[in-house]
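The chain below stands alone and is given in structure tokens; this is the form predicted alone.
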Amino acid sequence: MTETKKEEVTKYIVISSDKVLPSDAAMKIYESEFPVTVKETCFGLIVSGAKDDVQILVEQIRQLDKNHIFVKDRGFPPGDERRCRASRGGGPRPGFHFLREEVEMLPAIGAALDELEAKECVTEKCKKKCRLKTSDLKKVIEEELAR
């Protein structure tokens, strides 16, 4: 009988939360006893394993703080020689600087998601174009600066 290998995937779990630390998320994964590889990083976790297992774990981790935990696909498993700094002679790995820029935007995205979730209904835009009154613009600016 031939054994079929399950499709393996690797995902970044980027944590931008005041409530959840990467170590908390890692402990939740270790407790689940799924056969996955977990690597803690400065921005969260890298999880690699069977597609179904990783998907279930990602959903469980996101439920810890769904508006502040983000998931991104990664093309290579942890320690892969094509990405590993040790085998390339040091320096930042390819893609690190872009990921760092993305991570810096996440607190604003999380705050926007929290704000959107807090509102029960979103007001519909005006159907016709109209000019914004100066007084309304000043009010919006003052509210934003007061945050």
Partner chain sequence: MAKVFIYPINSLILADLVERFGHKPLTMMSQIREKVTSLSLDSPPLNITPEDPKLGLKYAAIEVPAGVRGRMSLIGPLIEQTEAAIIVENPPTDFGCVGCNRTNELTKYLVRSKGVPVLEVKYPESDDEARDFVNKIATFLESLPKEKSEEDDKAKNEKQSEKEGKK
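Residue numbers count along the first chain shown, from 1. All figures in this text were calculated on a predicted structure; none of them were measured in a lab.
If you look for the form predicted in complex with the partner chain, you will not find it shown, but the lines that follow are about it.
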(request) Evaluate residue 106 for contact with the partner chain in the model of the complex, applying a 4.5 angstroms cut-off between non-hydrogen atoms, and reply yes or no. (result) yes
(request) Consider residue 33 of the chain shown here, and say whether it contacts the partner chain in the model of the complex, taking contact as heavy atoms within 4.5 Å. (result) no
(message) My question is simply whether residue 60 lines the interface with the partner chain in the model of the complex - judged by any non-hydrogen atom within 4.5 Å.
(response) no
(request) Spell out, yes or no, whether the shortest heavy atom distance between residue 118 and the partner chain in the model of the complex is within 4.5 Å. (result) no
(message) With the partner chain taken in the model of the complex, which residues across 48 to 77 come within 4.5 angstroms through any non-hydrogen atom?
(response) 62, 66, 67, 69, 70, 71, 72, 73, 74, 75, 76, 77
